[in-house]
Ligand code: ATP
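To begin, one chain is listed below as structure tokens, in the form predicted on its own.
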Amino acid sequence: MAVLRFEDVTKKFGKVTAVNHMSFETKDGEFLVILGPSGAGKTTTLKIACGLVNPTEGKVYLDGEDITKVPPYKRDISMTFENYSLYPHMTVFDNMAYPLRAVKGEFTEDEIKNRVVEIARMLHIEELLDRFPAEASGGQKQRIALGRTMVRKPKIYLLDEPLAHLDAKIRVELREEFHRLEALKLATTIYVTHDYTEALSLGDRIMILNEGVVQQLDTPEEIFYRPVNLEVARQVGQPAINTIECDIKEKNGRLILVPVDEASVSFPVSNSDKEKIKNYGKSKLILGIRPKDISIDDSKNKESIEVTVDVFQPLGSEGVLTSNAGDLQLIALIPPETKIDHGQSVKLYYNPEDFYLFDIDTKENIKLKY
């Protein structure tokens, strides 16, 4: 196992900064997930790690050794690309064997065969070894590409959106498979995705990346429940967190949040947040409420808001309700079997303890700062 460290790494392509003063360190043997939208710098980060791209500034270390200028084949780091990158003229066996054969004289053909068969069995693709990539399905191709990465027994695995082009069922199956793969448990793995469910499911820790800048590096629980800023809060959760710009006011001795665009409604502040808002000292903030924390059930929640139903989508195990209170839109997750019609008036319930509060200017999480 190994520890990879980026020290103030920046990568520019002309006028575009893909990675911006990035510093982080993996833990030995952890499964680290990098989560972010397209263009966040995720793939560039992996390419810098394995030596395919040289940083404009900064250093890269592997187990304390500076590898910034070490060529890829000497780094003992293996990468799986998003687009499989399989050789169409080679059999599956030869594709998987290629990384071992590329190191001349280091492995005998018997050793290569044993290792390829071992990994193929682990990934349930042993029956494909004599076929060509064109004869494999998308899910099988992804397993082949993963197998070619794993066959080397490197210090670090880099997996770039390995499930991106697969259908939902296969994605779930392979995501479960990652939890079982002993090889990944015996090495440090960095896994890139834009899918927050993959990140929360797989990551020992998650690094949220946006525009080449690390926003937060923490456990899945911390990322979800204690995001350091609004960007992190928006990256995890579907539907996305409701965000409402509000004025901070006082009514009958109680602090309330009044939406800037819809003054006819207000959200009371919990006792535990009063002092934080007072220490914050500004007259406006951004209120965040996750759809999962809004319901039509009043048994567990303290406060309510009257809304008009706009759209209700029953989606299997949950229902997504889009509603309006005047000019304010709120999205809630409610039971899919709920009988509800467009234009109907309903009450939505929430608990102010579940609020996320963000600085109107910096977008930092007020509840973590004050």
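What you see is a predicted model, and the numbers here were worked out from it, not measured in a lab. Counting begins at 1, following the sequence as shown.
The same protein has a further form, the form predicted together with adenosine-5'-triphosphate, not shown here; the description that follows concerns it.
Proximity of Gly58 to adenosine-5'-triphosphate in the predicted complex falls outside the 4.5 Å heavy atom cutoff. Within 4.5 Å of some heavy atom of adenosine-5'-triphosphate in the predicted complex lies at least one heavy atom of Glu161. For Pro336, no non-hydrogen atom is located within 4.5 Å of adenosine-5'-triphosphate in the predicted complex, even though that partner is not displayed. Proximity of Ser345 to adenosine-5'-triphosphate in the predicted complex falls outside the 4.5 Å heavy atom cutoff. Taken together, the three residues Phe13, Ala18 and Thr43 all lie with some non-hydrogen atom within 4.5 angstroms of adenosine-5'-triphosphate in the predicted complex. Partner proximity in the predicted complex, defined as non-hydrogen atoms within 4.5 angstroms of adenosine-5'-triphosphate, places exactly one of 328-336, 63-71, 315-323, 34-42 at the interface: 34-42.
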